[in-house]
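A single chain comes next, written as structure tokens; it is the form predicted on its own.
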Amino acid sequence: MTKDSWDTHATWWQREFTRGADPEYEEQILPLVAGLISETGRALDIGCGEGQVARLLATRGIDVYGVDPAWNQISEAMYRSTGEAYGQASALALPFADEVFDTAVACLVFEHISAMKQAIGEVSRVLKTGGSFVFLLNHPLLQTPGSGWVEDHMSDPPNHYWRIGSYLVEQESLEEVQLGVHIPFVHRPLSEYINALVDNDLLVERMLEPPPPPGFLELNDSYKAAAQIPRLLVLSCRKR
């Protein structure tokens, strides 16, 4: 389902989230990736989409390979390539030998993968000992089904707060992120990610929960009201 969804909606993603269209990528995600990846050598971009993270890494002199299960994303990545290599592949079966990459990055990918633990195992397998894994997620607290910004006008003055759904319940849903665009999401608590990383010798060295960037807050007044609610979770890990 995930592969088919991203193939179907690839042009939507490319239009709305690349080439400067999305302030969260431009002001926050891409600068964070650039700041957290200091290694040279070989890097793997897992769920690379049309390649904007891979292209960023390539500008730093890194030998980058991007994989994605959706052909409509990979074909666009190859068209936009500045020298990176791309291939169609699932995170559940990475087509590489053991311990061949110095760095791996997954940007807003694993919340769309049902077999998350298997995919984490594959990341660890292809990373060299001492290699780094930069892992970016839609924050599990934000993404919990049933969560959202509430404006309670029954109180005087009106009360504004962030409602949290059933955070501890792992659940998969098909979300309409834009009119006619349905994308599968898997909510799981943060502990599920952390334990899967630890079980596969990927130790968290740094955790970031940055506030939404200014350009995103300017898009809607309701976003400004939730300026202290993190939308992004970043885990910087190292393989022991």
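Sequential numbering from 1, following the sequence displayed. Given the structure is predicted, the values throughout are model-derived calculations rather than measurements.
In what follows, reference is made to the form predicted together with a small molecule, a form of this protein that is not presented.
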Inset, instruction - Check whether residue 44 has any heavy atom within 4.5 Å of a heavy atom of the small molecule in the predicted bound form, and answer yes or no. - result: no
Inset, instruction - Answer with yes or no whether residue 70 is in contact with the small molecule in the predicted bound form, where contact means some heavy atom within 4.5 Å. - result: yes
Inset, instruction - Determine whether any heavy atom of residue 48 comes within 4.5 Å of a heavy atom of the small molecule in the predicted bound form, and answer yes or no. - result: yes
Legend entry - residue 113 within 4.5 Å of the small molecule in the predicted bound form, heavy atoms: yes
Legend entry - 25, 91 and 107 each touching the small molecule in the predicted bound form (heavy atom, 4.5 Å): yes
Inset, instruction - Work out which of the listed stretches, 35-43, 208-216, 48-56, 193-201, brings a heavy atom within 4.5 angstroms of the small molecule in the predicted bound form. - result: 48-56
